[in-house]
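Only one chain is given next, in structure tokens, and it is the form predicted alone.
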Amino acid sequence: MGRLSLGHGSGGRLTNDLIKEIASTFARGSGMLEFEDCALLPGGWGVTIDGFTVSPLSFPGGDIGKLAICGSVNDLAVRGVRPLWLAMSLLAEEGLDEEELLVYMRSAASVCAELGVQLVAGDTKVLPRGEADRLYITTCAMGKNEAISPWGIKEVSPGDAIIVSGPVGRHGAVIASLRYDIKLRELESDCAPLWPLIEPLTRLRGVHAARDCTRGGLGTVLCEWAEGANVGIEIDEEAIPADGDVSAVSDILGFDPLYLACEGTAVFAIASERAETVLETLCSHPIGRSAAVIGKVTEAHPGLVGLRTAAGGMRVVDMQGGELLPRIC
């Protein structure tokens, strides 16, 4: 046991290990924890909680208010849960401009109105100047499970197709470009609520798992699935939807887009015989128009993810051991 590092908040290997350590102190004899971003509760309910510390607070495509709502409702959506209710806590620094705060709250309220989500509880604290970096938001969201069959890591099975709903890494690339003063006019975060895209899938059979690719990106999600379901996953680099500006930022900074965060892009494990139907459904929505099958689940090399590169070789995709970029969400 040692001191926490930024890597413990990266969404990668250190985060995974820390979560298991924390959860083990609560879960003895419980059997309820699934290590999913959203918990499915008795009675068909789903609940999630998340904290948001993004820096800067505003970015092309969104701000901390929009991000807080999208991040929470998306964790519900990828388990087939319709978002209904929200509790929100604000930790604001003394001196933060009140009108600026209300701008972020209006962004949050706009997403809630779009989805029919009601704010039902909240809390506000103001910390002395210098004891917080302007504003942190914590949200707890709850809703009703509408999927006709369970979605989760344990359902991922050999033969499943792996589908991603759009280009990966856009949110992480936007935050990186702002931090390092890289000028790219067209690059915007993909920050968006996923429920309108995912709702039609709740009525389809063959959907085994879904996850929004936030901290740690697509690569980390696939590693969690491979390890959690004890299966192998193989993906094709050339099949992954790409954004030229994300590639440019990654090349400049030496990042791998596979590990850059998304805030409006999801990955799905779909029974092979239903993959075409699911892909057509995703592509019919504006958010999913670039959706693509990028690989498959296999019985070979259980617990490992392999990436077939553009050059034709295969390399292992593993969880990050450290932190690429802190405070992206």
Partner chain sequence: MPQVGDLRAKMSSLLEALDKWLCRPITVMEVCGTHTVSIFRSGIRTMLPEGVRLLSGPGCPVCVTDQAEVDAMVRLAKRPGVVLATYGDMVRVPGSCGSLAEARASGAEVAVVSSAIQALALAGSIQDKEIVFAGIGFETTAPATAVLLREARSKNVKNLSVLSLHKLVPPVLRLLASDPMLNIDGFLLPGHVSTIIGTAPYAFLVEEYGKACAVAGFEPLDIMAGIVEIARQICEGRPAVRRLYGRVVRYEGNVKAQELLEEVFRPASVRWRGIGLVEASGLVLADDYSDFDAYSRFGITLEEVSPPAGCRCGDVLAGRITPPECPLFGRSCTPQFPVGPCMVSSEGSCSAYYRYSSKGVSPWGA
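Quantities reported herein were computed from a predicted structural model and do not represent experimental measurements. Positions refer to the first chain, counted from 1.
The same protein also exists as the form predicted in complex with its partner chain; that form is not shown, yet it is the one meant from here on.
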(request) Name the stretch, out of 64 to 72, 262 to 270, 45 to 53, 299 to 307, where some heavy atom lies within 4.5 Å of its partner chain in the predicted complex. (result) 299 to 307
(message) Can you confirm whether W85, W195 and R289, the three residues that make up this candidate site, all sit within 4.5 Å of its partner chain in the predicted complex, judged by heavy atoms?
(response) no
(request) Find out whether any non-hydrogen atom of V316 is located within 4.5 angstroms of its partner chain in the predicted complex, and reply yes or no. (result) yes
(message) Can you tell me if G152 lies within 4.5 angstroms of its partner chain in the predicted complex, counting non-hydrogen atoms only?
(response) no
(request) Indicate whether E188 is a 4.5 Å heavy atom neighbour of its partner chain in the predicted complex. (result) no
(message) Quick check on E238: any heavy atom within 4.5 Å of its partner chain in the predicted complex?
(response) yes
(request) Taking 4.5 Å between heavy atoms as the contact cutoff, choose which of E199, D256, E93, E114 touches its partner chain in the predicted complex. (result) D256
(request) Could you work out which of D243, E234, D212, E224 is the residue within 4.5 angstroms of its partner chain in the predicted complex, going by heavy atoms? (result) E234
